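A lone chain, given as structure tokens: the form predicted on its own.
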């Protein structure tokens, strides 16, 4: 089904992304990222040089100025994921969907001037640290705390499951600055590499996304200057997270649709070439029916996600709608990928094939950004007015 969301500028940008993938996202590079457990800095700098990151950074700070137009980011995801490089897509997404927006939309002028130019070029890599070891998706259960002192805060605690946590230069960190668990008891602060008492812990060994680092972070009496408080106002952290979560969850939906489309295409090609009982397996009715299901699911996913991007561009995408996009698309992604693995037969279980790697990568989509169970809870509360 033909999509109507892109114009000539977007398609011209797509060619830039394709060229970047050809030059910098080779299979040899992917294997290196998987060995190292992270995307190398040179590739991130090349992405910045080619204009693939910093898309929402205002032009005055060296970015593309696409503050609400997510379509360019969607194209990056489509092409990078479609080429079988989920880890690279993840690393680029952490920069542009999780770290940059907090400074673009909520940072002070001084914070924008200090960090956005480097974030647009890839010289400064960011991460977002929300999850405490004992809190999971329960943000009000966070105990990592920042106590007010003269000139700033003293930060203590730990974070886990932090994407790009090992490679990030700055970490937007959700901390407790007040008593109780009211929304105004929390703030966002920027923790910088080199701050005394800030430690990047070990890289976590994951089921998927082997070329994209995920780490633990620890904070022991880390002094955070007042100017590193996002927005310069204490007690706004919970509200700031709620403002950006629709973007984060929509971005997961885009990634899910891109992965499902890639899986369908890989499977279609494989079934046309793979022979069994004297004919291509695409010749069997069961295979044709499964391919028809996959193609239709992908079309519906993109129709839904494209509408979400339109609403986001109009600043009309609600938290509940973004939650719906996140849980529904990731459930459908899993179905498509599972069917793709099945139709690949034994080769679908071999990680030399992109379908196997994408299958492993996709599992976390139903967990991060808020588990799908939490997403359903948010949506249901809105439905019944609770």
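All figures in this text were calculated on a predicted structure; none of them were measured in a lab. Positions refer to the first chain, counted from 1.
The same protein also has a form predicted together with a small molecule, omitted here; what follows describes it.
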**Item:** Residue among 267, 228, 251, 214 with a heavy atom within 4.5 Å of the small molecule in the predicted complex
**Value:** 214
**Of 106, 116, 130, 191, the one that lies within 4.5 Å of the small molecule in the predicted complex (heavy atoms)** = 130
**Item:** Contact test, all of 42, 45 and 51, partner the small molecule in the predicted complex, heavy atom 4.5 Å
**Value:** no
**Asked** Does residue 135 reach the small molecule in the predicted complex if we count a contact as any heavy atom within 4.5 Å?
**Response** yes
**Asked** Does at least one non-hydrogen atom of residue 15 fall within 4.5 angstroms of the small molecule in the predicted complex?
**Response** no
**Asked** Can you check whether residue 298 is within 4.5 Å of the small molecule in the predicted complex, heavy atom basis?
**Response** no
**Message:** Considering non-hydrogen atoms and a 4.5 Å limit, does the small molecule approach residue 206 in the predicted complex?
**Reply:** yes
**Contact stretch among 158-166, 117-125, 183-191, 79-87 - heavy atom within 4.5 Å of the small molecule in the predicted complex** = 158-166
